[in-house]
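In C-alpha cells, the next block holds one chain alone, the form predicted alone.
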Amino acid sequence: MRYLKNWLSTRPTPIKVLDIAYIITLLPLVFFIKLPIMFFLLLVLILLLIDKKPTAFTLIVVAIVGAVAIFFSLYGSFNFAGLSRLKLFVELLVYVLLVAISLQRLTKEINFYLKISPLLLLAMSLFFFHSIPMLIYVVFEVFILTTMLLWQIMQTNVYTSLRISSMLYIVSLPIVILFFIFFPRISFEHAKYGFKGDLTHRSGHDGLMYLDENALLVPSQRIVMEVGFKDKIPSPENLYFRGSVLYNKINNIWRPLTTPQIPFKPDLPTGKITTYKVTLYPTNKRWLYLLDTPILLPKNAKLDFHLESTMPKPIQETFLYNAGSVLQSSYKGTLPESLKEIALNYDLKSDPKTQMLAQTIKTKFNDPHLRLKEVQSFFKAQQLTYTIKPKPFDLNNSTDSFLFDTKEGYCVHFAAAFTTLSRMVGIPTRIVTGYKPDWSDSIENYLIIRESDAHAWVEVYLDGYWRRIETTSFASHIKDNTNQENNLESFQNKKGNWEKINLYLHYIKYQIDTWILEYSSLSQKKLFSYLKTDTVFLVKFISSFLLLIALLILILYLLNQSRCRDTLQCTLDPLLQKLEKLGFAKLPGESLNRYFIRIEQTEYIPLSALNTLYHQLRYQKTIQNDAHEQFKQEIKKVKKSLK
C-alpha cells in the first residue's frame, strides 16, 4: 500500500500515463482478438520488460512477426467479399493499429499518433460490444483517460486529478445528453451507402405450421414487436395477435390456401375499438400482426377474407404503425361451399383411432354444438401435457400418436389434433398462427412480444360465426424446461415477487437498450414526434432535464468544497503549491523537514521557524494555545517573502 501511495503521489511521466491508458483500452479488446495477435502482444511486453532500446533489426523482426500474426488471425475469413463486412474490416484496422503502436512504443519515443492511439482503440472497441456492461466500461474508460490527461498536464497528484476529472464530468454531462439526444443519427442498417450492418430478421412465425422435426418452436427471447396501448393493456384472453390462417395439411405441414383469394366483403364487428401503436422489427414476411379482430390498419395494408393483415412487400425494415381492433373471440363470417369443403378435409388413410372416436361422437350427437362439446371433453379427459420437449411422434398418424400415445406436445400439436378431430366430426375448422404474448411481459400500457411468444390456435365455424378455441387450455399438466411436471395451477402460482422484480429489471434494461444502446435515427424520430405532439411528455422532458442540472450543480458544489481532514496539512498546502509553481517542488520520498532545510539552504527562503512550528504542532503533545495562529502567521510571512 505504501508503494502504491508513493507511486500515486509521484509526478506522472508521459510513458507511464500512456501505458495506463493502453491497459484500460485494451482490456475489452482482449475478448475478441485472435490468438496470434495475443502472442505478438506478449512478445512486445517481454521486450518492454527487458527495458533496452531496440535496434533497427529488432524492430524489423517485430514488424514481420506482427504482419504474420495479422495474416494468421484473419486467415480464411478475409477475402474481397469480406471487405464489405464492417466488423471484419474494423478487426483488421485494430490489428494494424496494435502492431503500429507496439513498434512505436518499443522506441520509447512519444509522437502525436501514439498519444491519440488509446482513443482510437476505445472507438474501435465499440464496434464489437453492444451491451450495458460495455456502456458502463466505456464511461469508466473515458473518465480514466481524462484523469490521465489531467495528471500529465497539471503535474499534480492523482487524487487531485480524479477530483477535477469528476467535476469536468459533471459539468459536461448535460451537454453530452443534449448532443446524444439531438445530434443527427446515422444508422448503418438503413444507410444506402458505405458499409452494411448485419441485417437481422426477427420472427418466430413463418406462416406455416410443421408437425415434423421442423415444428415451430422458438424459445428465443428476442423481441419481435413492441406495442404501446392508448389505454390499459387488454386482459390475457384478448391478447391474440393474428398472423396466417391455415387450411391444408400436406406432408405434415399445415399451409394457407393456394387457391385464388376469396373476395372480401366487409362485415366487421362493431363495438369498442382498442387502439395501439406497434413497432414491428424486420421479419422478412408480409404479415402485420394485429389483435383479433382487426379493424383499423396502417396505410397500404390489406385485410383479406380470412382476416389476415399483410403488406404488399416483405417487411425488411423496422415498421411503426397504428392499428385498432375490436377485442372478441368470434366474428360473423360467411363460409363458401368451396371453402367449407377444405375446412372439413382430413386424410382418410391416417389416424384410424381418431376416426373411430369421431364416428362414435357423430353417431351419438347430431347437434354440432354437442359434438364440439364432446371433442373438448375428450381433450380434457386425455390428461394431456404441455411441454416444449415432447416425445417423438408417429408422423404417419400424428393425431393418433398425440391423443393416444405420447399425450405430450405444445401449441402446434394441440391445434393440429383438435382441428383434425373437429373436422372428422363434421365441424369446419382452421388453424390461426401468430403471437400470444405473456401478459407478465408488460408494464403499464407497454407490452413486449418475443419470438418465443409465437403461437397457434384454432377457429371453428358454427352458426355463421368463426369462434376461437385455445386448444392448449385443455392441457392438464405442464412440464417446464427441467422436464418437471406441474399442474396448471401450481405453474401459474410459481410467479412471485422475484419474477416481478426481474420484470422491472428487464424493463429498465429494455429502456436502456432502446433509448441508449439502440438509439437510432428511428428512435430519434419517435422522440421528436412525442415532443411535438404530446405536451405532457414535453413538460416532463424539460422538467427532468432541469432537475438533472440542479442535481449536478449540487454535486459540483459539494465536490468543490474540499473537506479538510488534516487541518495542519491543509493550512500548509497553499504554501507548498506556491513553492512548487516557483520550481521548488518536494522531491519524491523527501521528508518535509529535509525539504524545508534544502529550500532554505539553496534558495534562501526563511523556512526554519515554520519548520519548527509545524513539527511541534504535529508531534508535541503539549503546546501553547496560540501555536496554530503563530503557524498561520509564519506561513503568511514566508509567502510575502516569495513576492
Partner chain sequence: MNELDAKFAPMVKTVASVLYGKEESITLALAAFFAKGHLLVEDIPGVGKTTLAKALASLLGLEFNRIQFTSDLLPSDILGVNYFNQKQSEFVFKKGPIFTQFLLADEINRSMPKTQSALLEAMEESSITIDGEHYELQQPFFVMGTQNPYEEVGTFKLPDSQLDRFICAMSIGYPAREAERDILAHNKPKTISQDTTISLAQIKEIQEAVSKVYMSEALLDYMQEIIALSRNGVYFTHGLSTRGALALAQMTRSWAYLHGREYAIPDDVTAVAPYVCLHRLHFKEGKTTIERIKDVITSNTQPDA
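What we label the rigid core is the largest C-alpha set whose atoms superpose within 1.5 Å from one form to the other. Positions refer to the first chain, counted from 1. Fair warning: this is a prediction, and the values are worked out from it, not measured in the lab.
Note that the form predicted in complex with the partner chain isn't included here; everything after this is about it.
K.L.:
So, Glu590 and the partner chain: in the model of the complex, are they within 4.5 Å at any heavy atom pair?
P.N.:
Judged by the heavy-atom cut-off of 4.5 Å, Glu590 is in contact with the partner chain in the model of the complex.
K.L.:
Does the partner chain get within 4.5 angstroms of any non-hydrogen atom of Thr13 in the model of the complex?
P.N.:
So Thr13 does not count as contacting the partner chain.
K.L.:
Is there a heavy atom of Lys586 lying 4.5 Å or less from a heavy atom of the partner chain in the model of the complex?
P.N.:
Judged by the heavy-atom cut-off of 4.5 Å, Lys586 is in contact with the partner chain in the model of the complex.
K.L.:
Is there any non-hydrogen atom of Asn284 lying within 4.5 Å of the partner chain in the model of the complex?
P.N.:
Judged by the heavy-atom cut-off of 4.5 Å, Asn284 is well away from the partner chain in the model of the complex.
K.L.:
Can you work out which of Ser529, Thr363, Ser377, Gln569 has a heavy atom no more than 4.5 Å from the partner chain in the model of the complex?
P.N.:
Comparing distances to the partner chain in the model of the complex, the residue within 4.5 Å is Gln569.
K.L.:
By the heavy atom within 4.5 Å rule, which residue out of Leu26, Ile597, Leu48, Ile605 makes contact with the partner chain in the model of the complex?
P.N.:
Comparing distances to the partner chain in the model of the complex, the residue within 4.5 Å is Ile597.
K.L.:
Tell me the stretch among 50-58, 63-71, 609-617, 37-45 that has any heavy atom within 4.5 angstroms of the partner chain in the model of the complex.
P.N.:
Contact-bearing stretch, as computed: 609-617.
K.L.:
For Asp573, decide whether the Cα shift between this form and the one not shown is 2 Å or greater, given a superposition on the rigid core.
P.N.:
Yes.
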